[in-house]
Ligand code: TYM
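Next up: a single chain in structure tokens, the form predicted on its own.
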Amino acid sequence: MERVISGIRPTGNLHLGNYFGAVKSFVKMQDEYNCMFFIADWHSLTTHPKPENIRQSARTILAEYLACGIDPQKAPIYIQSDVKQVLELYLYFNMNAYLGELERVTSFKEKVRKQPDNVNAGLLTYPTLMAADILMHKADKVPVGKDQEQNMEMARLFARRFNRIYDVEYFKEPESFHYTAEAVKVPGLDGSGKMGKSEGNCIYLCDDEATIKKKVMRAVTDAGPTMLNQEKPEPIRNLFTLLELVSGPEAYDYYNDLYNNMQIRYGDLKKQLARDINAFCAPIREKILAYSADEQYMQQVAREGAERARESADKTLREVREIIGFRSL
């Protein structure tokens, strides 16, 4: 069975974009692949979070993964920093990574532009740590968005380079893939782009009913269609995309007909959308609260996930050390 691995940086709560873009697929994939999911707390250090934020964010993501339906018996969930072997492999990859190629990575250049006063080595070597996360477990496939595709190519590059330097065929080149034929892009509420934490346009899975309604009612709209069957501009198209995701075809068709006939009232559409988003999130929200309150179970899931991840990592690291020339005395 092919191994799939995916990680998420613990930078806050999961939102609808995370769910429809990735987590929903993870829940289905765990029955078809040998999956491992991890919470990438080391990666978050590039932004210098406070210790309490690291602990709470990792705990939050773990509870949300469980609430969304990931079964730790089928797919172990572990916290990256609980698997120290990754750091040694990260070191080996850094020894064979070159400054010029790391500086050309688009995500690094973008971070330099956005945070010129915090251009740290972790940002520069982000691709090598990501490669260590993936190659440590010899993953066949990695579900990633387009923004991570260049880092995936770097992981394949480091796999090839290791094999070439040591004249072995040890690391396989992991594939980027989408579980569905086309990745789901969930729009934000600000009228453009996709839903994202940094854009401040999210509906979080843990948002309560009042918060959801407030956010949806403030979503960007226009003055309404001015001709029959008019093409929807992006802000309106975004609302209809959300409607299609959470409300189903009947509601979508109803409001789509109203729009095409110039009879749409955006206030009514938003109220419908807010009710349906809340109905979708409510059972997940209740499970998040339940898992968060069960500290003993949360610790058990993280501990057992780390044990299974370390077992896989130990095997890889023993073989890598042997290939490089480090032998235990």
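Start at 1 and count along the sequence shown; that's the residue number. The structure presented is a predicted model; accordingly, all values stated were derived computationally and were not measured. Think of the rigid core as the biggest set of C-alphas that the two forms share within 1.5 Å after superposition.
There is another form of the same protein, the form predicted in complex with the named molecule; it is not shown, and what comes next is about it.
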- Task: Could you spot which one of Pro143, Gly191, Pro76, Pro225 gets a heavy atom to within 4.5 Å of the named molecule in the predicted bound form?
- Result: Pro143
- Message: Just to confirm, with a 4.5 Å cut-off on non-hydrogen atoms, which of Lys138, Arg161, Lys185, Arg237 contacts the named molecule in the predicted bound form?
- Response: Lys185
- Task: Work out which of the listed stretches, 246-254, 91-99, 209-217, 147-155, brings a heavy atom within 4.5 angstroms of the named molecule in the predicted bound form.
- Result: 147-155
- Message: Since the partner isn't included here, can you check whether the named molecule sits close to all of Ala22, Phe38 and Met130 in the predicted bound form (heavy atom within 4.5 Å for each)?
- Response: yes
- Message: Residue-level question: is Phe108 within 4.5 Å of the named molecule in the predicted bound form, judged on heavy atoms?
- Response: no
- Does any heavy atom of Ser312 come within 4.5 Å of a heavy atom of the named molecule in the predicted bound form? no
- Task: Using a 4.5 Å heavy atom cut-off, state whether Thr316 contacts the named molecule in the predicted bound form.
- Result: no
- Can you check whether Tyr126 is within 4.5 Å of the named molecule in the predicted bound form, heavy atom basis? yes
- Counting only heavy atoms, which residues in 9-44 are within 4.5 Å of the named molecule in the predicted bound form? Arg9, His15, Gly17, Asn18, Gly21, Ala22, Phe38, Ala40, His43
- Once the core is aligned, please say if the CA of Glu199 is shifted by at least 2 angstroms between the shown form and the other one. yes
- Core-aligned CA displacement of Thr241 at least 2 Å between the shown form and the other one: yes
- Item | Leu189 C-alpha moves between the shown form and the other one by 2 Å or more, core aligned | yes
